[in-house]
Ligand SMILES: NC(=O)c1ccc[n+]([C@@H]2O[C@H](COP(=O)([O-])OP(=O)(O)OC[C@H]3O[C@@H](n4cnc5c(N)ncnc54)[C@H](O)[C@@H]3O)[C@@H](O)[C@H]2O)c1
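Below you'll find only one chain, the form predicted on its own, shown as structure tokens.
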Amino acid sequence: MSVKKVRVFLKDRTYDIVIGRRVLKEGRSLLRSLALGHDAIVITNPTLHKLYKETIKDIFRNCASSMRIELVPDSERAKSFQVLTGLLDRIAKFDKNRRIFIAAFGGGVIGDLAGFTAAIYKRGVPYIQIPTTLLAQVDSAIGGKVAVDLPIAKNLAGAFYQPRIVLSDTSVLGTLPDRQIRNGLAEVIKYAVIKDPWLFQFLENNRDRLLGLDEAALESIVYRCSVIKAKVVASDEFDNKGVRVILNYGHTIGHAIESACGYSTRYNHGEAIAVGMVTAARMALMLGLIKRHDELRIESLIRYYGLPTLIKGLKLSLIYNAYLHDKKFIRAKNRLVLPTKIGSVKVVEGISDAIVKRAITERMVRGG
């Protein structure tokens, strides 16, 4: 079995991302060495529980005295205060003379919810990430940003809280539906645009392998993205030095689209980010920051992977209102990550409302 480790260097919060096929078979020994606690709270959803019930039991059988599985909704609906408070109540009732730790077994939604729960319960208990989607393995499980949504905008209630380990078993990706694979590939494209021309070319040349779930190709992109994110997070853990913000390429407009459609399945996260990336590239072109060739190359790659580049069925007013609540605004000015070439981006503040609205409008399907 090929196993790779990427270390996220954060002083006393340093941890490893362990990547490879069937990594979960080694999970027990890895977790025992961390001395997380005696009692595991595993947060997952009904679909994953049905698929991996025995795997979950096997992981925690010898590294925890007891285990409790908490099932939450299988969608963005799980990231609500209603779900959060119910989860906290059940954990508190279970937690009698125990030393608990929390495990997120799922995609980005479960990782965000479980991490936020761990951050605020008893002012912080240990937690681990076991990401089961491509999007979570390349992005959301790494870096310690945890949150729940408010009705008005996404991830407005959150914290920075690092996991103790991330176990990225690429063999579980074989159970994902096609839409979920494409969803994760949107984040991979993001990493390629902001930091890695080699990765961009790899994506251009290996579509059939990746969409065909070739394990070696998937392992390669999970590792490459993990290395990039680990370095960015290590240099700007709390997103206050102007470094980590580059990871938000495509997310300002993407999150607004998710909010505007009520976090429905019309646009999942990766699809919304895909549209957000081409919108940001168009803003960059309007501002003279990127050449037309590179803007078209970004849009072509996104379309090449079957991801949307247009907004359908949403009003500009709804998207723009959600955009105004974006967390990345600073000193009442917008702050967007715009590409300057493949592998490089620039953080730009104070872009005019006219340019933002025009860029969004150009992505909208009339009467769609």
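Predicted, not measured: the structure shown is a model, and the values here were computed from it. Residue numbers run from 1 along the displayed sequence. The term rigid core refers to the most C-alpha atoms you can superpose between the two forms while keeping them within 1.5 Å.
Not on display, but discussed next: the form predicted together with the ligand.
Q: Let me test this: is every residue among T133, N155 and V172 within 4.5 Å of the ligand in the predicted complex, going by heavy atom positions?
A: Yes: T133, N155 and V172 each sit within 4.5 Å of the ligand in the predicted complex.
Q: Closest heavy atom of L51 to the ligand in the predicted complex, within 4.5 Å or not?
A: Taking the distances in the predicted complex, the answer for L51 is yes, it comes within 4.5 Å of the ligand.
Q: Since only the chain is shown here, I'm wondering whether V193 would be in contact with the ligand in the predicted complex (any heavy atom pair within 4.5 Å).
A: Because no heavy atom of V193 falls inside 4.5 Å of the ligand in the predicted complex, the answer is no.
Q: Is P177 one of the residues lying within 4.5 Å of the ligand in the predicted complex, judged by heavy atom distances?
A: Yes, contact at 4.5 Å.
Q: Please run the contact check for T252 against the ligand in the predicted complex: heavy atoms, 4.5 angstroms, yes or no?
A: Result no; T252 lies far from the ligand in the predicted complex.
Q: Which single stretch, out of 40 to 48, 55 to 63, 338 to 346, 317 to 325, brings residue heavy atoms within 4.5 Å of the ligand in the predicted complex?
A: Within 4.5 Å of the partner lies stretch 40 to 48.
Q: Considering the ligand in the predicted complex, which of E215, D95, D236, E76 comes within 4.5 Å of it through any heavy atom?
A: The residue in contact is E76.
Q: Pick from V109, L185, A256, I128: which has a non-hydrogen atom within 4.5 Å of the ligand in the predicted complex?
A: Contact residue from the list: V109.
Q: For the stretch 225 to 254, return the residues whose heavy atoms include at least one within 4.5 Å of the ligand in the predicted complex, in the order they occur.
A: Only K229 sits within 4.5 Å of the partner.
Q: Relative to the superposed rigid core, does the CA atom of R182 travel 2 Å or more between the shown form and the other one?
A: Where the cores coincide, R182 shows only a C-alpha shift between the shown form and the other one that is less than 2 Å.
Q: Is there a C-alpha shift of 2 Å or more at K145 between the shown form and the other one once the rigid core is superposed?
A: Not so; K145 is displaced by less than 2 Å.
Q: Hey, does K195 budge by 2 Å or more at the Cα between the shown form and the other one once the core is superposed?
A: No; that C-alpha moves by less than 2 Å between the shown form and the other one.
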